[in-house]
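Just one chain is shown here, as structure tokens, and it is the form predicted alone.
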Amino acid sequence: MKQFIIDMENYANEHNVPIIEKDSIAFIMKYIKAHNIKNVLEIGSAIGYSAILMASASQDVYVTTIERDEARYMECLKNVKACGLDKKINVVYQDALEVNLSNVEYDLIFIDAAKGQYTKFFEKFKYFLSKDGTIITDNLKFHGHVGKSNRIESSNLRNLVKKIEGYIEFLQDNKEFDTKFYDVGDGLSVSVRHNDNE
């Protein structure tokens, strides 16, 4: 398994596929174990790197991961099968904002797809979170650009970074969830729903 993970890292590097930083996935795997997480939904599979590591964090974890890019979806499927985790990982080929879910609840939702859609992802999928569930979001520093959007010359990059900055504000102002920000990897947020009405 260790060599397989290294091979995936090399593949991602060679093919310019963004995968989660090692510190970040180590943080999430530790979180899964510490909080006895059983059911995970991942928005943005890429080649299956994070899904495979999350599924291997503990024996009882089941991961559903959603990917809209066909080539990455196929690569993800291949990798999941190759490491023998196809019973623990369900790979869905669809745009996450168009996925219809019903009668499912997740202990952990991991958002790591189109950065400009983070707020939409959060608003849509929070309804599928278990009572004590958590939403974790990656790339909130976005390679050091976040917080410096006014200095970015490229308008595309500037607009994207502003959307991430807007998402951070959305999390900070959100009365329904308590969010902590961690300076791990490329920046993570951990949002836990308030249970004030118990």
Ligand code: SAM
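So that there is no doubt, residue numbering starts at 1 and follows the sequence shown. Everything numeric here is computed off the predicted structure, so don't read it as measured data.
We do not show the form predicted in complex with this ligand, though everything after this point is about it.
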{"item": "Within 4.5 Å of this ligand in the predicted complex, all of Lys38, Val63 and Asn90 (non-hydrogen atom)", "value": "no"}
{"item": "Partner-proximal stretch of 152-160, 41-49, 126-134, 169-177 relative to this ligand in the predicted complex, 4.5 angstroms, heavy atom", "value": "41-49"}
{"item": "Residue contact check: Asp69 to this ligand in the predicted complex, 4.5 Å heavy atom", "value": "yes"}
{"item": "Interface membership of Tyr106, this ligand in the predicted complex, 4.5 Å heavy atom rule", "value": "no"}
{"item": "Exercise: Leu85 in contact with this ligand in the predicted complex, heavy atom 4.5 Å", "value": "no"}
{"item": "Heavy atom of Ala114 within 4.5 Å of this ligand in the predicted complex", "value": "yes"}
{"item": "Contact set, 1-25 vs this ligand in the predicted complex - heavy atom within 4.5 angstroms", "value": "Pro18, Ile19, Ile20"}
